[in-house]
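Just one chain is shown here, as structure tokens, and it is the form predicted alone.
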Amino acid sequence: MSTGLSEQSAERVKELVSGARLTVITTHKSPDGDAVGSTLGLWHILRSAGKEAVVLVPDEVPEFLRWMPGFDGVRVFSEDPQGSSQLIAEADLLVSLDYNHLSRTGPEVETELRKSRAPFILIDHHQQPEAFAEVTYSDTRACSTAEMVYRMAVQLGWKDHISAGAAECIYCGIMTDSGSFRFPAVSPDTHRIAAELMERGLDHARVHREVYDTNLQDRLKLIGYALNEKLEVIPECAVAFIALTRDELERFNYRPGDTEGLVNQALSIRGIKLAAFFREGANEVKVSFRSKGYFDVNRFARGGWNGGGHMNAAGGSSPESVEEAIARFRIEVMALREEILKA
């Protein structure tokens, strides 16, 4: 059973929100459905309560998430660093959603956040949160940060401020981070929250269409190429992975979010217990890890991939070339062969 805020923390959140003229809501770099859904969901709630709030994301949001109500007002740091830095400096309250360490916002945003003298509220479900916030609401059993935003709103007496627009954003965060309600972290409470969101005016079928049924041909061709040409299996340790270079991504006119879910396709192979996806960027290789059973990819990602996350879903990065990163990954999983197979 997931938990809520302590009574003392709940009262302090009320005080901080009440006393803030401007609240800036932030999330992690490369924002996903939970990041965008939880931040916009909270934005709707605060606005309905008569508070001035702004959502600030570090970099570009994938197109399939830009339909969410309120997205037009989202500020993107990479598009306006000077204006975004000024926004952070003017904030009376900073709310950190869906990340456990300020470094997850990227070096530029992290620098500005650490300069701020405003208090922080942290709401997140990843393991080992950094102790930077005045109020930390951490629940690693929650399937999404969006679910935690909903529970906090109810606990603080803000349920009437959850409009149909807020419900859509929150549901999107829950749906995407729970793998459409299929991951182990989904609880009876998660389904109850979904039902309550429908009672608030949520059109759940529309949310699903907007996220999953708006693919461009280029994205489908990229996914087809990745699965047909780049999927590799290491059968002796039940591992599968996909790697895409910058040239390959450019060939299919890659846009942020186009490779979302590829790592899960690799994990879906019968008998596979650990999957990875490598995406070559300008200065680093981004890596996603997924696992079945009890192999802890959070620990694996923290061990040598500058990352972390959850037990069965984590991410990281490497300054190596994509070829070097893959070669090291092969060595590491072979060394962990027995642990992976037993998971």
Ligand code: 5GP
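These figures come from a predicted structure and were not determined experimentally. So that there is no doubt, residue numbering starts at 1 and follows the sequence shown.
The same protein also has a form predicted in complex with guanosine-5'-monophosphate, omitted here; what follows describes it.
message: Given that guanosine-5'-monophosphate is not shown alongside this chain, does Lys51 nevertheless sit within 4.5 Å of it in the model of the complex, heavy atom to heavy atom?
response: No - in the model of the complex, heavy atoms of Lys51 and guanosine-5'-monophosphate never come within 4.5 Å of each other.
message: If we define contact as a non-hydrogen atom of the residue within 4.5 angstroms of the partner, is Pro58 a contact of guanosine-5'-monophosphate in the model of the complex?
response: No.
query: Does guanosine-5'-monophosphate come within 4.5 Å of any heavy atom of Lys286 in the model of the complex?
result: Close contact exists here: in the model of the complex, Lys286 approaches guanosine-5'-monophosphate to within 4.5 Å, heavy atoms only.
- request: Please check if His44 has a heavy atom lying within 4.5 Å of any heavy atom of guanosine-5'-monophosphate in the model of the complex.
  value: Residue-level check for His44: no, no contact with guanosine-5'-monophosphate.
query: Which residues in 117 to 151 have a heavy atom within 4.5 Å of guanosine-5'-monophosphate in the model of the complex?
result: Heavy-atom contacts within 4.5 Å come from His126 alone.
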